[in-house]
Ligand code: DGL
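Single chain ahead, by itself, as structure tokens, in the form predicted alone.
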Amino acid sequence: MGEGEGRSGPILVFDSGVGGLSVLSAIRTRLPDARFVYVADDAAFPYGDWEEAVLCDHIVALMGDLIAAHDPAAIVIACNTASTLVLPSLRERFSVPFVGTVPAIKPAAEQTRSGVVAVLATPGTMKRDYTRDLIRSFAGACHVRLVGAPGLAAEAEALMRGEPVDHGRIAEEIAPCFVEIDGRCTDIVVLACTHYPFLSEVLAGLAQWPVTWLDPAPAIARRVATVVGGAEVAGDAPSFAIFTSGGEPSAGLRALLAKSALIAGNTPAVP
């Protein structure tokens, strides 16, 4: 029996904001007939400001409510910070299959030609032992520069909501990614936050030299397709998005949701 076989219901995609729409888009390419519930925990955004234990308890409690309300076939934690922190607790407590999002360090190490790689992440993801374990396990022969960008996710959120972004701030936050060691330069930057792919054009325009910006979304989508297996994830009901703040989406965000084939849904109770 496959991992998702025997379970029906939508695929639930969860993030602290709307960055996880980059992952949803990749999954929809693989599973075009699937039904989705997208949950943006914007009431708690950004996760990097939380104490780890409190954040873990918050996500586990919220996930319990979401599972009870929507009975998903699978849940995608489309957030590096949450995945590196809370996946073991979620898998221990709930029987629904979870797919996490972790920094794409292994493929970066396999693809780099210069041996110099940067991992662009939120400070929460950057400081996790999980991230360092990935480097030790898969990128021991590379020079890996961990770059914590405290404001980049918020800039991506602003762009996605149709608001202006601060190019100067973005350039400052990505500058440490560009490293030269003994004539070898960074050639791959791992986008270790699902918000960052939405800034790809801005990042490319501000780069100190051309690099590959490695987006993990296609690999996540492949994993989700495997996990749901023979599950009935299609249906006549529409796919929709939930915002835990209860706030009304802006016109720009509504347009983005429509592009993702989502409608704004009702807000669940937040623990």
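Note that residue numbering follows the sequence shown and begins at 1. Just so it is clear, the model here is predicted, and its values are computed rather than measured.
Unshown form predicted together with this ligand; subsequent notes refer to it.
- Stretch 190-198 is the contacting one of 109-117, 68-76, 163-171, 190-198, since its residues have non-hydrogen atoms within 4.5 Å of this ligand in the predicted bound form.
- Contact annotation: Thr186 falls outside 4.5 Å of this ligand in the predicted bound form, judged by heavy atom distances.
- In the predicted bound form, this ligand sits beyond 4.5 Å of every heavy atom of Phe240.
- Not displayed here, this ligand is approached by Tyr47 to within 4.5 Å at the level of heavy atoms in the predicted bound form.
- With a 4.5 Å cutoff on heavy atoms, Ala153 counts as touching this ligand in the predicted bound form.
- Shown without its partner, the chain has Thr122, Thr125 in segment 113-152 as residues with a non-hydrogen atom within 4.5 angstroms of this ligand in the predicted bound form.
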